[in-house]
Every structure is written in structure tokens, then in C-alpha cells.
Ligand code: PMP
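Have a look below at one chain only, the form predicted on its own, in C-alpha cells format.
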Amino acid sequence: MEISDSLKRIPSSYIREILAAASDKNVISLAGGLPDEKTFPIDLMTPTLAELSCMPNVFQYGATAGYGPLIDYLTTRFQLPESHSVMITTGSQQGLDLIARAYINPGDVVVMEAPSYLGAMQVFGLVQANIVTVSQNESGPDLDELEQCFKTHSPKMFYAVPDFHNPTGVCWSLATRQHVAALCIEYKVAFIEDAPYRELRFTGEALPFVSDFCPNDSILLRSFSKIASPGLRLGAVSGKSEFIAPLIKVKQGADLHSSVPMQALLLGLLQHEDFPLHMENIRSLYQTRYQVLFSALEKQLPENCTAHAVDGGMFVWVELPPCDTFALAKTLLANGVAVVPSPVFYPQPDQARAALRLNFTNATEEALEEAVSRLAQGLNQVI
């Protein structure tokens, strides 16, 4: 049977492939976006796990929008207005897929920053969207470029990760958030805000969601993978109820509903009195690892390479002089360190500026030190 034309256009995930190669015990992987398994709050989930045996109702078919008690809790926690609602998805990645399938027709224009999240490019590619990109600076997207893009292309939506962007780690400034929201309202562009890393801030004060400035023109994606565990496969999508209703309809045909026992387990975790302490511990651990990685990069990187500081999230972006970053990544892998080259994060890979994405959350401090030594050695051989 021949696969669809839309699937033919989607390349295999380089990150998945390199993670398989990085499974070699002699390789230190800075390639994945993996939380540390030691942060999984299994002890906090144990009481709810025990209670599930006395909750036969959660093992029955459930509502597509999500487990009622969890929906009620999140509605209050997210302080949603009456005109808005929240639904539970099988990871925030499914939420993105539902948005694409509910709203994008072949050829519709979707704006993204370049570089941008690989998973989003794959989702929009599968629905045959016309992806148009704008460049990014240290405060977020280039605002003049973004407005010109809106004027020229009349896009249906603008997708972005404003908090600790994947892959660059950029966190949008307050002024950028307000300006982007105003542009989306003015040009009638839906803003799709992806916020999987927002809770991982370890420096500075949290800024408002971009969606807070355009609540009637946005959909917000949240993930519990980074603060609970990826294996739960749970995320949440919120926005105006009229925006969420089509997503529920698509999800009915996709998987009926996300796992109800896992939703009950997540609710127990979020309500646990020690959950705030769990979050503090995660942030502290990741801040320490980031500082180790960044300090080592500053000391050991060649002078023509630049590592960009971040205030949270999971990634550091290292800019390089022009080079073949795929070849470089292979050289580094042979040298015992796995990284992700920048073209992976561009819809048009040939337009990518030379850079590497490094993850700091899933390696020990000692491993991060050694990884930078191997990275610097490899860079000095090639650049």
C-alpha cells in the first residue's frame, strides 16, 4: 500500500535517530529533550496509585474532553473565564495535532519562528500547511518582519514557544509578548502558544502568557511531561470554548479520550501538598546542571563559537561559524558526545545558520563537564 503524499514530505525525526545512536554507554547525550528520571515524583503519586484500585469508574470509558475532576481543578488553577474551557490531550503534542487537523486546510499559511520546534513542523507538514518563517532575536521574533509577514501572507495562525524556546532557549520579553498579541488581534491571526517549559524557570520573574494579552485570539498548550513524567502522556489545551469544541470533535475520532486512570493519577499529584516542593527541587537541579554546562562552554568553546545564556527550560543554543553541522554532529558522535545540528529545526534546512542544540537536564554534572570537553575537542578539529 502506498503512503500518502503528505507523509512522503515528512522526513524521519533526526533527533529520534540520533538518540538511538546515543544509547551507546560510551556516548554522553546532549541531544534529547529528556527530563531526568530521578525527578519523576513517583513517591508523590504512590497514594493515588493505591487509591485507583478502589476507583473502578476511572477504568471505564470517559469523556473526550477529559476526566471531570481534573477538568474542574485545571479550570480553577488556570483561572479560566467562563467563555473559555480546557481539554486533556495525550501529551501536548496531540493538542498541536488536533489544532492542525481541526483548522488547517492544505495551503493555509502557518507562521513559525526559524529555528522552531521540530514536532510542530512535522504536524503542520502532515496537514500540508504552507509554513512561512520569521527570524528570531534575543527578545523573540523580529517584530517588523512578523508584521510584514502578516500583511503579505494573511496567515491563519502563528505558532510559537515564548517561554524557553525549543531549540534556542529564548524567552520573549514583555514588550514582545504585548506587541505580538496586538499584531495577532489587528491582523486576525490566531496565536498558538506552546508552553511546555514555562514551569522550568530558575532565574528571574515569570512573565504573562502571550495569550493573556489576546485571550480571544489564542489557544494555549500546556504539558505535564516536564513536571510529572513524559510516560503519563498528558497535556492540556485551553482557549475560547468555541475554539476547543472542534478539537474535541477531532479527538473523538482519534482516540476517544486520553487515559482516565492517568488523568486521575495526575490530579492526585497536582493536589499533593508536597508538589510545590517537588517543583522547587526540579528547578534547583536543572539550574545547577545548566550552570555547570554553561560555565564549561564559556571556558572551553573556541573563540568563534557562542553559547547563549538562558533563564530556564532545557536547552542551550551554541552558534558556530559557517560549517556542515550534520557532518560536525557525526564527528562529535564519534568523539563520544551527541548533539542536534541546527538544520533540523528549520522548514528549509539550507537556510539554517550553523548552530547546535544542547540539552542539560538529563546528564549528571560530571557527564556535562566531560561532554563539553569532548565537544570542544571535536570543534577544534573541524572549525
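One-based numbering along the sequence shown. Please read these numbers as outputs of a predicted model, since none were measured by experiment.
Just so it is clear, the following notes concern the form predicted together with this ligand, a form of the same protein that is not shown.
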Find the only residue in P196, P141, P115, G239 having a heavy atom within 4.5 Å of this ligand in the predicted complex. P196
Out of G268, P155, G312, G91, which one falls within 4.5 Å of this ligand in the predicted complex, going by heavy atoms? G91
Location of this ligand contact in the predicted complex, chosen stretch of 301 to 309, 176 to 184, 107 to 115, 160 to 168 [non-hydrogen atom, 4.5 Å]: 160 to 168
Contact label in the predicted complex: K226 to this ligand, heavy atom within 4.5 Å: yes
Partner proximity in the predicted complex: R101 to this ligand, non-hydrogen atom cutoff 4.5 Å: no
How about R233: is it within 4.5 Å of this ligand in the predicted complex, going by heavy atoms? yes
